[in-house]
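Next up: a single chain in structure tokens, the form predicted on its own.
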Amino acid sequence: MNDPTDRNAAPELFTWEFATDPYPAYAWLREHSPVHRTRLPSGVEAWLVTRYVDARQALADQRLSKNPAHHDEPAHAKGKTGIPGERKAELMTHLLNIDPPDHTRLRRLVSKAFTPRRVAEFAPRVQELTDRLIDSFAQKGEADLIHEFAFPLPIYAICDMLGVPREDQDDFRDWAGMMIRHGGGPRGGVARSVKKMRGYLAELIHRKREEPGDDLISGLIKASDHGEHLTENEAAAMAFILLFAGFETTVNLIGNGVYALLRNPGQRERLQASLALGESELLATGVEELLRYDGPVELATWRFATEPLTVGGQRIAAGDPVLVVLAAADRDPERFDAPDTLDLSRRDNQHLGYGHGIHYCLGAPLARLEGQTALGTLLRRMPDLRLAGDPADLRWRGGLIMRGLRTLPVEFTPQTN
């Protein structure tokens, strides 16, 4: 056990205490061991990159591959560097697991279906879902904002966008819930959900080939470039990762964002005053600041050195796993003024919350739309929203990549129709 009074001692990582507030530990790493080798809870040895300049470089360095084949896994680490069950379910060929030129081809094809126009046209549906979910608890005067709002909103939204029929969407909600509940624990539950999702997507893709619609899966099937199309496995893997990566990031953006606003009442009041005047600029910059301050993705997904290289003065061997700590980089005082202060009007805010380089999050525009709609509507409709209970009683979900609360109990004045 490290002595907490010894400022030179490396902090303990990946404990429950660390999960509650990892930022002091990340500050220590940035100062004393900015590229830090550690044993993860899974037993895998990996490098953590914590400074902004190094993180940005690593995210764009194509010598750091996304393909797990570049990692010579020891027996105890087999299958522990990706999404549980995706290999067995033949869902590996998505953008988080491949490199150019395959990545270039797939991203170009997927981008033809997942366009800014499609996201913009989806805005009324996101607003409709937001209002419907708030209506479901508005009269009670209390709610768990994770389970009643932040979790179902992106699930139903991405299901609608993918073209999952309404009568099947509760199945997706159940599978997604299994992923969140077991994200940091037993991997069997996640793998079972992935298998069920894969079987459903195969059937849905077959139906969409026969009867295409104006939805994202139909768009993925139709997308072509110089005669190239997505294979069925590629289409299924892309639909899967849009769902898997898309829903939990938005759950955490909303949950972490509301919690940060409740803990910073001055900033919340500024935003509410702006919304009351019908202004949207502070909401837009505010969501970017919430992504920086306590974002939904704590560590970028896995990378593997394809050759010996140096990051931040540290020599990394070929095959070594590298994890870029976005949460640490986005609190780096060398890049951001007063990084531990929430400032919704922050202008110079090139955060790394959605990555950087060729793997920059394809779904970022949709997540921003959902985040702005959810937070703006919630604050307008429930101006006296407040935390119910002691913040010390809140628990954060265990897990390596994502950062999010298990529950967020709130109170407010009950609304009547």
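Source: prediction; values computed, not measured. Residue positions are given as counts along the sequence shown, with the first one as 1.
Quick note: we don't show the form predicted together with a small molecule, though the next part is all about it.
- For the candidate spot formed by R30, T50 and A305, no residue has a non-hydrogen atom within 4.5 angstroms of the small molecule in the model of the complex.
- Taking L344, L275, L261, I241 one by one, only a single residue has any non-hydrogen atom within 4.5 Å of the small molecule in the model of the complex, and it is I241.
- Contact with the small molecule in the model of the complex, judged by any heavy atom within 4.5 Å, is made by just one of A374, L64, A55, A367: A367.
- Interface residue remark: A388 is not counted as part of the site for the small molecule in the model of the complex, having no heavy atom within 4.5 Å.
- Although the partner is absent here, L362 is a contact residue: one of its heavy atoms lies within 4.5 angstroms of the small molecule in the model of the complex.
- At least one heavy atom of F114 is located within 4.5 Å of the small molecule in the model of the complex.
- With a 4.5 Å cutoff on heavy atoms, L290 does not count as touching the small molecule in the model of the complex; it lies far away.
- Stretch 249 to 257 is the answer when you ask which of 276 to 284, 305 to 313, 249 to 257, 203 to 211 has residues with heavy atoms within 4.5 Å of the small molecule in the model of the complex.
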